[in-house]
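The form predicted alone is given below as one chain in structure tokens.
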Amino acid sequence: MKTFPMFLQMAGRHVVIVGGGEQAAQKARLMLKTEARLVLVAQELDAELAGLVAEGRAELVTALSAQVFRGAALVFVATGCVGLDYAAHALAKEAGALVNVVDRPALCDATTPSIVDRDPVVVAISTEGTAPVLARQIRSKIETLLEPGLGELAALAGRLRPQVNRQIPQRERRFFWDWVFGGPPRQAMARGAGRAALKLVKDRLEGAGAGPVQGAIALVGAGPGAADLLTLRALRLLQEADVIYYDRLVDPAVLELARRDAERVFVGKEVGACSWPQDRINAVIVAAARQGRKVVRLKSGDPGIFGRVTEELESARAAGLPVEIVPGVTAASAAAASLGRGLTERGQTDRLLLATATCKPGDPEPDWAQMLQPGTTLAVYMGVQKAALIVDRLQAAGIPSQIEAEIVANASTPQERVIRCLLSGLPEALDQAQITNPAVIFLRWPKGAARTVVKSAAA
């Protein structure tokens, strides 16, 4: 290492920033996250820095001298002028300060890393100035691993540590903290439920021990296919899971993001193969959580949209297990993005309906004509096999045959295919293109389009 990473104590100290423009303001924003007092050295300040001085959050010094740098924890020089940068650097070094001169590595005693801030949890990434873009990319990956509430949980742990040391024997403390940072308290904090997390920890402390480990279930949306459409919360839960139960439509690239030693169990339904009935899926995820395991039930798209989430929620709650839903990007959103258009359009389609053509056995067919009204975008999931029936019902109800149909199969994946046609030609277009599910069929009926008069409705 050419540089040594170290965290500086900033409370009760001051930081000097030389310069009054945007580069100086960037350093000021960074230092305002600390407890250091800011001293700005410049004859003129931009509006942002002037505001800091007016609010009493920074002190302004207009004359550059070695004295202003004495005792500083750190000095930033960001004037944008070569001569002034060198002069300020020389004076700061004369005063014995650590100096960072923006964009002049040869004059830097210290460099500012890319920072992931979950105060008091702070992660700093440095490439020693060789590859700032790479440092930012690494930072982005770490940002996905550390949920926003993690710092609040760490601060809570710091406040409770003396009580934990008094009440819990030393040999049991590690199990307690494992539970705090890897169990329900962290999960609650990740959901933004800070009070619930505090109550969980305090209730456990009143029991004076970690007790038996309790598992938890997360019903997670994997999105439409592309791994980079996962939410940050979904990614974190995948990387924490002990076991993952996944569907047929979950892309293998998504599973690759999971913890390497996590067990992966396929519970999908393949055509012509033995399928997992819903009751069996409910039973296995509950059984795994009862063993103290972190369970992820990974569903394609959004688990709350045609994902049978209610049945799995009820099973988890009946067993007294913590359970959460993590939304995902639903197929209609991804398919519309692939088409380069919105799901709605002001003045044309101000109503959006999501419907599935795959209903529970024994249920009646949906009333497609009632769904598709002027000003509506109708997104039909898994409708390829019933396209002819849907078209017949719509045309029989007087829906114009000339309205636009757009079909996106395997949205967001390398296998994605898009076709366009009129409503009247939908079944033939699907056959000719050999489109199969998974696919979303969009039918748009803009406002103002006339309904066809039909003398007799189809049976």
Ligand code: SAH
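The model shown is predicted, which means the values in this text are computed figures rather than measured ones. Residue numbers here begin at 1 and follow the sequence given.
The same protein also has a form predicted together with S-adenosyl-L-homocysteine (SAH), omitted here; what follows describes it.
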* Asked: Can you pick the stretch from 79-87, 327-335, 123-131, 309-317 whose heavy atoms fall within 4.5 Å of S-adenosyl-L-homocysteine (SAH) in the predicted bound form?
  -> 327-335
* To do: Consider residue 408 of the chain shown here, and say whether it contacts S-adenosyl-L-homocysteine (SAH) in the predicted bound form, taking contact as heavy atoms within 4.5 Å.
  => yes
* Given that the partner is absent here, does residue 25 sit within 4.5 Å of S-adenosyl-L-homocysteine (SAH) in the predicted bound form, heavy atoms only? -> no
* Answer yes if any heavy atom of residue 18 is within 4.5 Å of a heavy atom of S-adenosyl-L-homocysteine (SAH) in the predicted bound form; otherwise answer no. => no
* **4.5 Å heavy atom contact, residue 249 and S-adenosyl-L-homocysteine (SAH) in the predicted bound form** => yes
* To do: Identify which of 176, 381, 245, 368 has a heavy atom within 4.5 Å of S-adenosyl-L-homocysteine (SAH) in the predicted bound form; exactly one of them does.
  => 381
* Only one of 389, 305, 321, 352 has a non-hydrogen atom within 4.5 angstroms of S-adenosyl-L-homocysteine (SAH) in the predicted bound form; which is it? -> 305
